[in-house]
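Before any questions on how it binds or moves, here is one chain, the form predicted alone, in structure tokens.
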């Protein structure tokens, strides 16, 4: 019996037999104490006090099923017809419960939290209370409507699309989700123009080299190649693929959502270094500002820096806007810090150079072009750019050959 008709169109939704069986098995367990056996995403199921029926309540409709019908259901395929039809008005809530509690499972895990984030669902983790995890699409019907056309989220340079799985004749009746991943720059590309993948292990090759074939030592650098997509992924395969492309980002994001991200600040990291990296704790305090500006901003790394010089001494450099946090100085930063710690130990000297004003400005242009990674973009014919190869070669021929400036021996 349906007490209230839903306000939204639910035609075409159904509950698959396996979902029905799981639901009936669960609500039968409410016999003992009368407490709701299901209270999930707006869907509440409980046995009436007199024991005559089961009440299945959602924000848009309430369904009551006779206790005798529930008891008999499963005895034969025909015995499931009545409860199956009765559930149609609330099918999205029933299948939503099934997919999260039976298919995904793993409450309070990073995997489950990430999958819920992918479709804009509130994180159903009691330890997560931040407003950032809540979305406007928390209602199941609104979320299902969005999943029909695809919910798109961005994770670094990844565009992740979540959809409801469909059979040829309509919805699967299980609430199953399927996922696609592609590069954000390929958002408008047709599938036919992209290299198709469906095995998460394929991501290992994709993340290894950049567009110019150079090895990518930092997997969160914004240099992920384009031209590929993973389609038809299950939730587990989606998580595995993202973990391969951006290692540890899901786990650290989830720890941050739960408020237990364990951050190691610079001093802690520097003081525990040994061997050739023991020297990094000698890096001057002000040099750490330059280091983070060089390595840890959005143009160089997609993580959002959460570590500081010390817990009570922040670094002024912008932390970045990344979705996932950076909890400690990475190995690339430590390696670079070793070099800069050595360089900063040198004594400063006063130099006298014979340069024109344009030549002095050109030096700045060359440094900026290298630092911004745009040397390869400067055309050979663009001699108005100070970092142009011919301009640089001219300056070298003129000023290095006559000894105005050149390489100077250092102590280290």
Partner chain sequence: MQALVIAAHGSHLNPDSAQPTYDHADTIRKTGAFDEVREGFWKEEPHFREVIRTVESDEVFVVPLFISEGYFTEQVIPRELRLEGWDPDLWDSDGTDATEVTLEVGDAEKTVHYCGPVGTHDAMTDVIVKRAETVTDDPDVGPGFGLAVVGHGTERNENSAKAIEYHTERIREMDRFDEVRALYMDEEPEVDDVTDYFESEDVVVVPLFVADGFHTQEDIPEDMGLTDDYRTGWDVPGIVDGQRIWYAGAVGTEPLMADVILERAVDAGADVGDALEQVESWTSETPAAGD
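Positions refer to the first chain, counted from 1. Please read all numbers here as calculations on a predicted model, not as lab measurements.
There is another form of this protein, the form predicted in complex with the partner chain, and it is not shown here; the text below is about that form.
Stretch-level contact analysis of 215-223, 141-149, 281-289, 313-321 against the partner chain in the model of the complex, using heavy atoms and a 4.5 Å limit, identifies 215-223. Using a 4.5 angstroms threshold between heavy atoms, residue 72 stays clear of the partner chain in the model of the complex. Taking the partner from the other structure, the partner chain in the model of the complex has no heavy atom within 4.5 Å of any heavy atom of residue 193.
Using a 4.5 Å cutoff between non-hydrogen atoms, residue 257 does not count as a contact of the partner chain in the model of the complex.
The partner chain is not drawn, but in the model of the complex it has a heavy atom within 4.5 Å of residue 262. Of the candidates 101, 328, 186, 88, 328 is the one whose heavy atoms come within 4.5 Å of the partner chain in the model of the complex; the others do not. With the partner omitted from this view, the residue of 154, 166, 339, 272 that lies near the partner chain in the model of the complex is 272 [heavy atom within 4.5 Å]. Proximity to the partner chain in the model of the complex holds for all of 109, 252 and 335, with the criterion being a heavy atom within 4.5 Å. Within 4.5 angstroms of the partner chain in the model of the complex, the stretch 189-218 places a non-hydrogen atom from each of 201, 204, 208, 209, 215, 217, 218, taken in sequence order.
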